[in-house]
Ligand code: SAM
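What follows is a single chain, given as structure tokens, in the form predicted on its own.
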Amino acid sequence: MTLDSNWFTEICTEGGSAFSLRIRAKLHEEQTPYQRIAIYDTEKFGHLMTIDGFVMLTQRDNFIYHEMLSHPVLYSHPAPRRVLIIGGGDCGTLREVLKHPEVESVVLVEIDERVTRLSEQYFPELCEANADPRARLHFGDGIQWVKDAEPGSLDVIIVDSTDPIGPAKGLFFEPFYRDCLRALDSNGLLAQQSESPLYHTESIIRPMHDEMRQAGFLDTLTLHFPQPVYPSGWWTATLAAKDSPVTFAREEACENKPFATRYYNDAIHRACAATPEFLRQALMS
């Protein structure tokens, strides 16, 4: 919601907080069959995309989120060749995944094609790898896509979703995780954005761990990183491993990665896996 015409403000009711960006103009707004998308030009954060009044990304800081949702899970897998991205219609996660030369194929399944088309227009830098021959974009239901996937056909699944409301709600429960487990090959890994530990430990993060393990995943681990435009400024991604503990499987390869990043590196990978004491206690209870 906006408090006046010069600011976009997102109020986080459960956190008792709000975050605002000063805007120059609203560039676009439309109601799709799934959600309301708006694009703003901000003074300091470049273009801003919101969905149903919630901040999705800005040009200034999206690199942190996209790098942390992609590279830790890919360097935790011994040989990530076949990748599925559910959501991620802005294509920033797709761009990061395709930086890995060992990745042979990536399918991106986004329910709302308009997210991608607007990203191509207002965030073209995120879509620069869309024409990569290893990539395939499919506009449809990610939950159904995983349900229909061949057993053992994937090495890594990345769930780059919105909050667990509306079309994304089903992505946070055991039936979906069970289908992911079946679709993953041995050593398979799932990575999913998991909100703020400051605000959502009990409502989202701990239930995610429980649901993933109940679905049959052997190990789970939540990674931490800053995200200035999201509620509390502190965000997470949670990994789930099919049949072996989550480890930094390709640490040496990460230290010598053949591509540039702005936030992620081998030291960040090791550090982000440390669990704050309050979350450790919550996950043990």
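Sequential numbering from 1, following the sequence displayed. The structure presented is a predicted model; accordingly, all values stated were derived computationally and were not measured.
The protein also exists as the form predicted in complex with the named molecule; that form is not presented, and the subsequent description refers to it.
Comment: the named molecule is not present in this chain, but in the predicted bound form one of 109, 205, 126, 74 has a heavy atom within 4.5 Å of it, namely 109.
Of the candidates 154, 118, 191, 143, 143 is the one whose heavy atoms come within 4.5 Å of the named molecule in the predicted bound form; the others do not. Only one segment in the set 87-95, 197-205, 74-82, 181-189 has residues whose heavy atoms sit within 4.5 Å of the named molecule in the predicted bound form; it is 87-95.
Using a 4.5 angstroms threshold between heavy atoms, residue 35 counts as touching the named molecule in the predicted bound form. Looking at residue 51, you'd find a heavy atom of it within 4.5 angstroms of the named molecule in the predicted bound form.
Taking non-hydrogen atoms only, residue 161 approaches the named molecule to within 4.5 angstroms in the predicted bound form.
In the predicted bound form, the named molecule lies farther than 4.5 Å from every heavy atom of residue 40. Shown here without the named molecule, the chain has 51, 55, 56, 65 in 46-66 lying with a heavy atom within 4.5 Å of that partner in the predicted bound form.
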